[in-house]
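Below sits a lone chain in structure tokens, taken as the form predicted on its own.
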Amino acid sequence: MQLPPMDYLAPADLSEALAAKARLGDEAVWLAGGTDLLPRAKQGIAAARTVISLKHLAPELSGVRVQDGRITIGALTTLKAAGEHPELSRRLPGLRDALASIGAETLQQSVGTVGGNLCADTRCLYLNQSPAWRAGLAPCFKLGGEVCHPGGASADRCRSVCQSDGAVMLMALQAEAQVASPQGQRTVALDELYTGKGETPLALQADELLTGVSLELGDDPLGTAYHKLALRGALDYPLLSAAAALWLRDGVVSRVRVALGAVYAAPLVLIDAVAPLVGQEPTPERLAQAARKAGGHAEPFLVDNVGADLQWRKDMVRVVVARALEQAVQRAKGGA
């Protein structure tokens, strides 16, 4: 498959890039490393007349900064550079593990970026195929039609799936996205950035660009963990994943967040399932009970659109959540 003809712009700085995007609107798309965009363009899914390269913006939008208990990561920071940053790796090993699980190591070093992974489009077994393969199908919701092939004739919405590893871990950490436009900067919680709609998974306007992500570490000891089920480890998108962030104070849980990936069109935060852990000592029995509740709470959301048996994925929710919680507790206590 070849790339379709497209105009190419390479702005010198952020203000020039934002002005170009505001002028072109939906006719242009951002190009960072291209690991998500270029395959979709070859498949005829990402249709745009112009690509706006961000390669000259790397000095402005790269790097990891730790200051006053807050970690900020530039959107153009490569996955490898972010994951191997000494402070991030030490304080957020779950995020380090999530970033290390994205793609092949050669891509992590050179073209895979944190912002690109957060903005990766939702995926679908029917949509992410060649144009020739899709030619026999009616246009789906994501392509402007009125049908969802995985969902069948009764589906009233797109059932494509968010399979971003970084988004799941950062959602568990209650991170915030930094967004820029010609009108200025704004900060939006990741919970609000992801819409849960397969057709339009990100709540970004046509002239906006994700420039970074940041999160508060908090004062209590923090443990983080990310567990992913995939056919070939880092080479594949997750079939199911779980991220846990857990804070301890005097041996009891002061705060906890768990998120699931590859469930539906956004990372799924499981609030009620883990809420009973707060104020309690995180014993194996309590962690197992929270994991069982997580399985039940996630079941209505699980979409059958990632190439693995749906019932198996439902059964595995409690397993990946239990693993993530157990490791987060161990790390919060200072264990290996």
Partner chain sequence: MSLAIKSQGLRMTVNGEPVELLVQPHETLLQVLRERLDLTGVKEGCGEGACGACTVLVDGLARRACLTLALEADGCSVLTVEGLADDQGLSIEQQAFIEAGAVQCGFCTPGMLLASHHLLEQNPRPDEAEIRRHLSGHICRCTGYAKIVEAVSNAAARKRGEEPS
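On a predicted model such as this, the values are computed, not experimentally measured, just so you know. Residue numbers count along the first chain shown, from 1.
The form predicted in complex with the partner chain exists for this protein as well; it is not shown, and the discussion that follows is about that form.
V253, A322 and V329: each with a heavy atom within 4.5 Å of the partner chain in the predicted bound form?
So, no: the whole triplet misses the partner chain.
Does any heavy atom of L61 come within 4.5 Å of a heavy atom of the partner chain in the predicted bound form?
Flag for L61 set to no.
Test of understanding: in the predicted bound form, would L38 fall inside 4.5 Å of the partner chain by heavy atoms?
The answer is yes: L38 has a heavy atom within 4.5 Å of the partner chain.
So, L31 and the partner chain: in the predicted bound form, are they within 4.5 Å at any heavy atom pair?
Close contact exists here: in the predicted bound form, L31 approaches the partner chain to within 4.5 Å, heavy atoms only.
Is the gap between K42 and the partner chain in the predicted bound form 4.5 Å or less for some heavy atom pair?
The answer is yes: K42 has a heavy atom within 4.5 Å of the partner chain.
Name the stretch, out of 175-183, 109-117, 147-155, 212-220, where some heavy atom lies within 4.5 Å of the partner chain in the predicted bound form.
It is 109-117 that comes within 4.5 Å of the partner.
Name the residue from V188, A100, L143, L125 that puts a heavy atom within 4.5 Å of the partner chain in the predicted bound form.
In short, A100.
Only one of L302, L268, V51, L287 gets a heavy atom within 4.5 Å of the partner chain in the predicted bound form. Which one?
In short, V51.
In sequence order, which positions of 122-152 have a non-hydrogen atom within 4.5 Å of the partner chain in the predicted bound form?
Contacts from 122-152: none.
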